[in-house]
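Below you will find one chain, with nothing else, as structure tokens; this is the form predicted on its own, and questions on how it binds or moves follow later.
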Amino acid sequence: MAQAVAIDGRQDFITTKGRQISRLKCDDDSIAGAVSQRACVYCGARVVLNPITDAIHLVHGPIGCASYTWDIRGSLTSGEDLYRNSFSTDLKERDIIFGGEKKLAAAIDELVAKYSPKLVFIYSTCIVGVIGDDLEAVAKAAANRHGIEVIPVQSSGFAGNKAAGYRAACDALFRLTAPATPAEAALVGKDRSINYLGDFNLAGEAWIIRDYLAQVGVDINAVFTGDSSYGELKKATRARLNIIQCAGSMVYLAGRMEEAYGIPYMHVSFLGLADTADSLRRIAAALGGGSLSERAEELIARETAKVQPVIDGYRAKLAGKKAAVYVGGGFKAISLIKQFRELGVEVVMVGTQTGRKEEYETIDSLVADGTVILDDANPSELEKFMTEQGADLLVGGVKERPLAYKLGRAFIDHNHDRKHPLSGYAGAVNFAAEVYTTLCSPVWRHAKMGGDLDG
């Protein structure tokens, strides 16, 4: 494998395992001029909050910012579907000159009159940060006027990167979940249930995990934020434990809840057989073990017996293949490295948009010498390293799909537009089947022949 070489200014964000000291620069601003795959602050906030099903999601900005909608992510609901709408104040040139606060207040009034929501989120966009509209004041006045919760989300794009958007969303959730009365404060941590943070119920994944935990004897109090509702989130502080799937988006909120309410948290992963089993065991142990642990072991044995032969069958067909991973958070990247190992596929390039130092250290410990590890990559780097490393497959999001196809590589979307779940034992089989279907498709043979589809 060739030595990884970066464009000017990016060298510290890229390492090659075994050839360089594993000190990767991360969690920092993008290099000027190197437009990266990382999304903006508003996008990060919207990713986290959009799955709250009965809320109004009002984007205060130009109409284009509202294009990031439910349809891109596809988180499912078991009840309300108001969240599928993407509302915007549609700011025009006149609003930018004279301010958009009156237009925002009128939009809230119109939406409340039409939908009677209990909760309204107002997302700030770049231009709102520039003109200085006071979202806090508008939200407070609207809340008093309508007797509902109206929460501003401070997500102006220039305030940082996608990780800053995660924190803005967590700040909004922390305000939402705070006990409003002494009676509610007295219930903090009193429930025996747990909260499941960082699952957005893409293709119904939160429902799979909820079912597993119910079989173990553990009730989920609230999911943050997949298939969640205003009522569930208002009771969130009653749980005795927070478990976190997507650490990048939710560890900040879990930390604040631990500090404010004494609710401990632990990281989990339900991607792949090993991580799913390990997470079920640790959750049962954290809640006292005993019969919970016994039921967890029964579930693990039962589900593993069903899916292991299927996974082994795909593993035999995928031997010798190489994969590249570029996803949002470091914790998902870690799980995917392990999951590809279960399938006999070598990960030769791995990177994230918002990975943290400790996550990159874990990634470095898991991958083989020669693997390229990179933070906040741009399309040019992804192309360069996928090609040099000989990756047959790229796992990423919607922005990486065209690049993979143009390079003649197979692609798996682990983020957007998903139609089947990838969590838990059922998800492990879906993932293995998708890897096999896309990686072993005859279309790649024809593509390498120069596009002769009749050959």
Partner chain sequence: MADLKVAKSVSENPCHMCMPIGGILPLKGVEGAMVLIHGSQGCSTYMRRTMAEHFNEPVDVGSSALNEKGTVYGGGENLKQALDNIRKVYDPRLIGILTTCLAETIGEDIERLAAEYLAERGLADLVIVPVSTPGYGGSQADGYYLALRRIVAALAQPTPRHDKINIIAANVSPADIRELKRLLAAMDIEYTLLPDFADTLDRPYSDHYTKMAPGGTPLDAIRAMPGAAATIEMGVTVPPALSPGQLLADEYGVALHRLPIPIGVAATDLFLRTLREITGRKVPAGVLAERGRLLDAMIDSHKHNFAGRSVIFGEPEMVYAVTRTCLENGVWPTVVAAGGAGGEAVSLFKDVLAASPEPSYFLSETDFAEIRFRSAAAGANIAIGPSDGRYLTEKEGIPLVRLGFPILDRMGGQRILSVGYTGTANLLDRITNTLLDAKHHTYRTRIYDEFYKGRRLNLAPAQAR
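Positions refer to the first chain, counted from 1. Keep in mind it's a predicted model, so treat the numbers as computed, not measured.
FYI, the form predicted together with its partner chain isn't displayed, but the following is about it.
Using a 4.5 angstroms limit between non-hydrogen atoms, C440 is distant from its partner chain in the predicted bound form.
In the predicted bound form, its partner chain sits within 4.5 Å of a heavy atom belonging to K114. The closest heavy atom approach of P62 to its partner chain in the predicted bound form falls within 4.5 Å. Using a 4.5 angstroms threshold between heavy atoms, Q37 counts as touching its partner chain in the predicted bound form. Partner proximity in the predicted bound form, defined as non-hydrogen atoms within 4.5 angstroms of its partner chain, places exactly one of 287-295, 226-234, 187-195, 121-129 at the interface: 121-129. None of L241, V367, I72, I311 but one reaches within 4.5 angstroms of its partner chain in the predicted bound form through a heavy atom, and that residue is I72. With the partner omitted from this view, the residue of E303, D90, E101, D171 that lies near its partner chain in the predicted bound form is D90 [heavy atom within 4.5 Å].
Although its partner chain is not shown here, in the predicted bound form the stretch 389-427 places heavy atoms of V398, K399, R401, P402, L403, Y405, K406, L407, G408, D417 within 4.5 Å of it, in sequence order. Compared with the form shown here, the C-alpha atoms of P62 and W70 sit at least 3 Å closer together in the predicted bound form.
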